[in-house]
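Quick heads-up: it's one chain on its own, the form predicted on its own, in structure tokens.
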Amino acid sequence: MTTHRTAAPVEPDLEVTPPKSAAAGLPAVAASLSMAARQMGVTRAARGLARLNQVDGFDCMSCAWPDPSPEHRHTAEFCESGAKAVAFEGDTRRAGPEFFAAHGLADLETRTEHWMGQQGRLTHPMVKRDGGTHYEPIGWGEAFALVAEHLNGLRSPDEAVFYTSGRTSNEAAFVYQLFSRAYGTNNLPDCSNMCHESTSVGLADTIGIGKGSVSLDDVHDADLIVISGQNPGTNHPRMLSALEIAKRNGAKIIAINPLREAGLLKFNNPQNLSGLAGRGTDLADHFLQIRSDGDLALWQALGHLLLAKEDANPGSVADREFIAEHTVGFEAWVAHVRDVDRDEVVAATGLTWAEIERAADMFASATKIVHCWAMGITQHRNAVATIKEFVNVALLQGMIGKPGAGLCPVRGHSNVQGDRTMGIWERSPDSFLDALGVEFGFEPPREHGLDAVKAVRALRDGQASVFVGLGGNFVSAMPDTEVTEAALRSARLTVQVSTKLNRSHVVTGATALILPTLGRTERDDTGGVAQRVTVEDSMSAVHASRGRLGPASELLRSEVDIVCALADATLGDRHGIPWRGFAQDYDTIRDRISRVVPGCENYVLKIRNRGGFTLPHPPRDSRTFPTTRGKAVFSVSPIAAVQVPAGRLILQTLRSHDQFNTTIYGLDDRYRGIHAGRRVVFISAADLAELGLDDGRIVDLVSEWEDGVTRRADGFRLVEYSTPKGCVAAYYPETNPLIPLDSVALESNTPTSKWVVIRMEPATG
């Protein structure tokens, strides 16, 4: 029996207060301004926030919620999370050579993610030599040559892994994937593999494109909005403004989530007096507090009930004309959901049948429905099947390709969708590779590359030995922390292109490089001119972003510049790709994008439009579905829900309100009532009673998986909370060690961060 165990830092100041029932308001304003002023200074903070999400400014580096049209943008077009992201990047503290001389790797390994993020901006290229104990300065030229030496010394290009974070710009993403493929590999894992890959797979199979089908105006105009597995108050706060507009226009909202999150209950808009005074907008009209992994059963039950209503009153629910003209598979789906077992649904969901019937009534009476979801859906074993069930219900009612209706996956990182559009994908279609090859005069590799989970396995098993990370914090984002860290330590070279210190800089290969880059808030004068980049939001809108603040260090280089320099050092004039020219003028990259990426024709001109442009989306634009069958596809999936042995619980991992992905801004979770700590487990009163535990007790968490490995995370305080019996929640990355690397969603290979079977044991620390 193998045991993986993580240490338990002491949190003596941890306090728990009652959770909030409303999001934003005056506390959000105070938190935003306080952090910005504290980390940036008042003047710099004011300059930065004034340009955030403005037409002539820079795009927020946190979530991918779309901006309103230019004429409808507020002067303060940002949320608390966005302000924290700007403050974090605009930090006036510095982590330069003196810092690394004082803090060796042995010291840094003992530090938390929060501590590392508070040490300031990285300022110098740094190297950890083979056998070294500290990072030390290195010149840019030597750093690029070192990477080239390792890459060109591999037996096969497939021994290299090129990872990408969702904050990377379209231009950087395009040249990065070009570098990887010109080098000879499709090993291009990215953060989408960990979050919305299930969406990409489910939508591609059913509607022919792995993106949502709505615009911001559709959300405003819907008469029913369904929010599944999503917490907009913390993860996508600007969405609350859109929900407020929809409510003002008469919309109803169904919220489906295990936790009664403040951001699903009420929004106190800080941009108006009533919101500041606490007289905000009530959001959820019907709250389904579902068990984790119960969504597939719920949506099949909704389909069952809607068909029954259609049978009773033909034409009242189903859009028969749409189904006949634009879909296939309808009869097989009907036969399947007619046989849904009510008792099975109730057991899987933890809901009453009456609660589900009320939701079905709301669907049946609505004429414009928007279906929203996020990681609470995508990170389950049955995630892809669940998303296909969303599509089934939308197809039944003809809710794709009509105003005020559609599918709305809400991406969690600012340009993760743009990265995929630009070719950051280990499984890019032949059509993209064909266009890339024609444009650049080489034959791109065709064999599918490694996704994030497979990359860890390849490093672990010695099949890969170089890891390059363009942004992000791969080590802390991935599951099975001990396995992931051991895999990275086995590499011969790890390279991190970053703005701030994080765990991935501490868990290194034999040789390691930190290449400090400009942030999105900072001026980019590469090539002696003011450069700009572009990004794509969750609704396929592409727009320009230009930083305005002075760089944290004169040594910083842009991501585009770093990638092009790495490619030039490694490949030279192979294939005749003008890497140096790309770095001097980003328009030359956009010109190439226009001939490779569908929908980006005349890219250079389109991004000069105020507000940018929207990429084509055939299902949305013309009810055309580019699936393998030429129509939208009804899917049949068996109801499946995790079976939990007695005394076990289902754990979902989640963010705190003082967090963005693996970046920990602070140690509070204001909405859930957690202060000065993070090692907590939210658990129902019923489970506390059944397990004979008390609120406030300290326990160790042990996950159970079929491989026989015991995975532990020690020292968590139990917090009684409103969550379904049998379901608990805790923050990541602290609980990532509990998620087995091989526990993944079917079809998408996404880690099951919302689907972990655990037991609790008395604390041993």
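Predicted model only: the values in this text are computed from it and were never measured. Residues carry their position along the shown sequence, with the first being 1.
Just so you know, the form predicted together with a small molecule exists too; it's not on screen, but the next bit is about it.
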Tell me whether 182, 532 and 589, taken together, all sit within 4.5 Å of the small molecule in the model of the complex, counting heavy atoms only. no
Looking at 381, 124, 500, 679, which is the one with a non-hydrogen atom within 4.5 Å of the small molecule in the model of the complex? 500
With the small molecule left out of view, which of 49, 60, 739, 701 would have a heavy atom within 4.5 Å of it in the model of the complex? 739
Is there a heavy atom of residue 174 lying 4.5 Å or less from a heavy atom of the small molecule in the model of the complex? no
So, residue 494 and the small molecule: in the model of the complex, are they within 4.5 Å at any heavy atom pair? no
Report yes if any heavy atom of residue 524 sits within 4.5 Å of a heavy atom of the small molecule in the model of the complex; otherwise report no. no
In the model of the complex, does residue 374 come within 4.5 Å of the small molecule, counting heavy atoms only? yes
Looking at 339 to 347, 224 to 232, 451 to 459, 200 to 208, which one sits within 4.5 Å of the small molecule in the model of the complex if you count heavy atoms only? 224 to 232
